[in-house]
Structure formats: C-alpha cells, structure tokens
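One chain comes next, on its own, written out as structure tokens in the form predicted on its own.
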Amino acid sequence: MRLLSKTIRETGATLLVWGTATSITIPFLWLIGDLLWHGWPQLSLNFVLALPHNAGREGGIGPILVSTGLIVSVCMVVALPIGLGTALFLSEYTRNNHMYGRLIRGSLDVLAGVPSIVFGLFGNAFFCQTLGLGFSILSGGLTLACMVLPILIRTVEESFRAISQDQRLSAAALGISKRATILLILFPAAIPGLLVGCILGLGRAMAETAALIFTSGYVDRMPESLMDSGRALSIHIYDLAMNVAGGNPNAYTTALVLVGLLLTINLFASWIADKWTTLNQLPT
C-alpha cells in the first residue's frame, strides 16, 4: 500500500511538472506560429534593408533596424561597466547584513518593478530636457540603461555569490591580491552569469516601447548620429498596429524580425557560455 501511494505521488508530481512546462510552451509556440503565419510571406532581404514608405505600410525596416541597434548599443555600453562594478561591490566588498549594501539591493528591487512608462517620463525630463539631448537615440539608450541596470546588477551579483568561497580562500592563502583574484579567478567563473544578465537586459531593451516613445521618438528615417531621433522596432510595431490603417501585415513581419533577433542573441550567448564553461573545465 505504501509503495502504491508513493508511486501515485511520484506520478502526480511528474504530471504536474510536465503540465507546467506544457502550459508555458504552448503559448510560446502559438505566438511563434501566429507570427510565422502572418509575417513570413512578406519577409525578405529587401524588407530588412529597404526604407519604409507610406507611413510604414510599404517598404522595409532598414532605418528602424539601424536605430534599434544604436539605441541598444548605447544602453549596453553604459549599463555593462556600471552594472559589473556595482555587482562586484555588492558581492565582494559588502556583507549581506551591511546597511549600505542592503539599501542598494532594496533600491534595485524597487527599480526593477517600476513601470517602463515611469522610466520614459524620467528620461524625457532628465535626458531630453534637463541635459538638452532632446528626442534622440542617445536619450533613448541612456533611459534603457537605467531600466536594465537593476536586472543586470542582481543577476551578475548572484553569479559572483554562486562561486565557491573555497576559491577566494585558496587565492588569499597563496598571497594573491584581491584585484588579481577578481580578474583572474572570479570574473572568468562568472562569465555565464554575466551573459545571462546581458541577455535579460537586451531582451527588455529591444522589446521596450513606452520608455522610447518619450525619449528616442518616432522618426523613421536613417539616423546620421546619436543625436538624431530614431524609431525602434517595438515602436514601429506599435505604430503600425495601432495608428496606421492597413499596417498589420508589416507589423507582423517586423515583430517576426524582432523575435528572430532575440532568439538569435539568446542562442549565440548560450553557445558562448557553453564553450567558455567547457574551456574552463579542461585540465591544465
């Protein structure tokens, strides 16, 4: 009887796990299938490279792709060094019960839950108006950097904390300095976690709409500098779907391109993390 009861519990747990995984997978597959069904017929190299015409109903997304790339590049160039430095400070130079560290972690947790529209209003007030950057790619990238920092910092901090304390103690016993320990031992071991943080940050930055409407603007021409206004892919999708009659076909195709870019970045980062882990496991 006990054996039967144990088997029933194990079967129930297995079904629960598979059911949960299926409930997540089915909406994702439905979303990808819907995008492929409506967007694939129009997807071509010309669509990716061409200029948009007739309010986006015709032509392609060449300038929008360039603007998106520039906005995301500004975001990550600013966020990565700040995020990495803060994560190192929290994990290596403060204790869990340190008041200053607790204040920073609490602030990051609050910021991670702030709606993107609030970041957009902040970016418009501070970067666009106070600093005089106007509606520009630079304003949009800096605003997105503020948005992704909480996720990036917390992810990288946890990756450093996951490293065994024995490695730090062994380095200290050998007389290795703190700086050398971080650069030569801890940082290489935390590369997979850093990549995860970058992927999460990129995902939020590339899919963001509300914050960019108030900072980078709507202009769909080819940007000439970071001070030019630029339309991101997410804004282009929103505009075609909500404000342009007959824009749904190009909205679907643009959404398919955006999802494809996100999946490509995820797969590439996972491949790099696997290769890095394999190399670090090789005997010396």
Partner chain sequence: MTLFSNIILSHSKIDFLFLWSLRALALSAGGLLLLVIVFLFHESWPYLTQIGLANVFTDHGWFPTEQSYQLTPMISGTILAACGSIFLAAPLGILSALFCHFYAPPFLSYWYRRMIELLAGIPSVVFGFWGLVVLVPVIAAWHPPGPSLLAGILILTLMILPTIMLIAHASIRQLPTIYIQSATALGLSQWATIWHIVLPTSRIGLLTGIFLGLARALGETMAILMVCGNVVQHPSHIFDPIRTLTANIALEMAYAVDHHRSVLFISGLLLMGLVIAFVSLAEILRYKTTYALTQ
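Quick caveat: nothing in here was measured; it's all calculated off a predicted structure. Numbering follows the first chain given and starts at 1. Just so we're on the same page, rigid core means the largest C-alpha set that superposes within 1.5 Å between forms.
Just so it is clear, the following notes concern the form predicted in complex with its partner chain, a form of the same protein that is not shown.
_Stretch in contact, per heavy atom within 4.5 angstroms of its partner chain in the model of the complex, of 59-67, 221-229, 249-257, 45-53_ = Residues of 249-257 come within 4.5 Å of the partner.
*asked:* Using a 4.5 angstroms cut-off on non-hydrogen atoms, would Phe160 count as touching its partner chain in the model of the complex?
replied: No, no contact at 4.5 Å.
*May I ask you to check whether Trp37 falls inside a 4.5 Å heavy atom distance of its partner chain in the model of the complex?*
Contact check for Trp37: no, nothing within 4.5 Å of its partner chain in the model of the complex.
*Would Ala241 count as touching its partner chain in the model of the complex under a 4.5 Å heavy atom rule?*
Heavy-atom contact with its partner chain at 4.5 Å: present for Ala241.
_Can you work out whether Pro41 and its partner chain are in contact in the model of the complex, taking contact to mean some heavy atom pair no more than 4.5 Å apart?_
No.
*One residue of Leu200, Ile185, Ile117, Ile191 in contact with its partner chain, assessed in the model of the complex (non-hydrogen atom, 4.5 angstroms)*: When its partner chain is considered in the model of the complex, the option within 4.5 Å is Ile117.
*Can you tell me which bits of 9-26 touch its partner chain in the model of the complex, meaning any heavy atom within 4.5 Å?*
The stretch touches the partner through Arg9, Glu10, Ala13, Thr14, Leu16, Val17, Trp18, Thr20, Ala21, Ser23, Ile24, Thr25.
*Would you say Asp34 moves between the shown form and the other one, meaning its CA shifts by 2 Å or more once the core is fitted?*
Yes, Asp34 moves 2 Å or more.
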